[in-house]
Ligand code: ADP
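Next comes just one chain, in structure tokens: the form predicted alone.
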């Protein structure tokens, strides 16, 4: 089977070397397997004919038949168009061509009966179809009765006559040769239990379905199979990690109890307590913890991490906390230092700008075990940084660190592996988390600390700017501080810089007596830090910035976030920026400023922001709008290379696939049972060079 499907595409009749080169470059189709898995993205309904009097403009595509009454050419030059009047027993409709008029004139003659397919549009009281598909009536096309597949293609391919129709022909020719070579790759039990279509039928009907029912069955079968194997692969990685990598047992909770009873200045939420219990269970299990903690900005992830560190320190090990920026590292240090002093623990910070004398002292105290917690940036990864015994590594905002960097933290101990706690304030939709991080344990802090007021979000247009500035003045008079953020999109950095400087000047004119800060990506890190610190200390009242403040300073006194050109931001980024305010007890506000011209998607994003502050709800909507690829940034090791499934729509199938994968591996971990032979064979045929992502968090 594999030999046939790995045949190069150029050997298929009708392709050849030149077309093969183009298919591989434009669509990444190199082999028979690639072509046969190039699935249609929609289908045109050729199952029925409509009469012309049934036509209305809400119909996506229609199939009609009638005879051409007469043809006329209207207009001249660039405005020239060809109009054919098609009539049936009920009414008349116009067929229009703006391009390819000589071609259409050769194909159409008055008095002949045609089958016509296209999208109807209404102009005044008349209906017309522009550039329809048209062919003379034959006994074959009069039957109708099929769904026409429409395949992804490109302009370059169309120029070489490889449009959707041509790709469909190639796939049909390949299917004739391939039909007896498809092997069932699921167990008969799974196929029977879920009443799945068999593999061979699914591959035929996904391309050329008889009707909607067979199409849905084929789709379900192939989506389930794809997601099932993704889950089997992830769960296998997790099982092998648990078996292979033992964790240090951390079970001394004396420090935790002391802190909880004597030094914790507020009550933990139910969600925080639940996550701490989940981590403690992992620490005592003897297996190495790899846990992702998701929680909205301000949900209290850092205090959860600190309490977990206390368990590690109480069990005679050390803890490390790695943050993506020096400002964040400084913030963590300042937040944790008072607790450490109260508990008699030693904490230090190591960043790229740490002095040599500080570094030497830190290295000595780390090796002696005198230093309990080390907070830092990428500097923690340097080979020279050695711990006496690292028990817990906490990684803040994990998507900012590459896998290789995280692996370095992992290998800080020679004899045993530290537990890994990964924190993110970027809520990941459940379906995406199950696929991206299906090999990690996932915890959610899904409630905010009591006393926090939800941030009030409004959408204002540029015309209301004076009103917005009046509100800002009022907030500053009450002693609050304000962020004004401008978008930064790499391709147009010059334009964005101009936007920012223009914005800064207009803010300076509107608030002549109020001290301002400005922060943007072109500044030197030291200048950026200086401006940030002025704002943190309250020396400046308004910070005009690009998105560099998205992950960064914690200023409880900042209560207003104004986002300019809000339509240019993604939902996740808008939510992150909003999370910069609402850190104190005062009511906070987020104001989204836009022009009146907005795309449909932009409207949905802005409405979502106004209606909810729930990060997980926002992440789900973001997934539906953008798709999984954009949300994950760099796609992980082929785990997201889904050919037919769509994580924004197939959450239920994914849940079912995961449930069946878990049941399979619990009952038969090595897949040795005869009934699981097809599954084992298929797994062995999949790409072998898969990195064990779970091993490196």
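Residue numbers count along the first chain shown, from 1. Model, not experiment: these values are computed from the prediction.
Keep in mind that the form predicted together with adenosine-5'-diphosphate is missing from the display, and what follows is about it.
Enquirer: Tell me, which of 303, 625, 175, 345 has a heavy atom within 4.5 angstroms of adenosine-5'-diphosphate in the predicted complex?
Expert: The residue from 303, 625, 175, 345 that makes the contact is 303.
Enquirer: Would you kindly say which of 601, 163, 91, 267 lies with a heavy atom within 4.5 Å of adenosine-5'-diphosphate in the predicted complex?
Expert: Looking at the other structure, the residue within range turns out to be 267.
Enquirer: So, residue 298 and adenosine-5'-diphosphate: in the predicted complex, are they within 4.5 Å at any heavy atom pair?
Expert: Flag for residue 298 set to yes.
Enquirer: Can you work out whether residue 554 and adenosine-5'-diphosphate are in contact in the predicted complex, taking contact to mean some heavy atom pair no more than 4.5 Å apart?
Expert: Contact check for residue 554: yes, within 4.5 Å of adenosine-5'-diphosphate in the predicted complex.
Enquirer: Considering only heavy atoms, tell me if residue 459 and adenosine-5'-diphosphate come within 4.5 Å of each other in the predicted complex.
Expert: It does not: once adenosine-5'-diphosphate is placed as it appears in the predicted complex, residue 459 has no heavy atom within 4.5 Å of it.
Enquirer: So in the predicted complex, does any heavy atom of residue 583 sit within 4.5 Å of adenosine-5'-diphosphate?
Expert: Contact check for residue 583: yes, within 4.5 Å of adenosine-5'-diphosphate in the predicted complex.
Enquirer: Tell me which stretch of 613-621, 230-238, 449-457, 175-183 has a heavy atom within 4.5 angstroms of adenosine-5'-diphosphate in the predicted complex.
Expert: Stretch 449-457 is the one.
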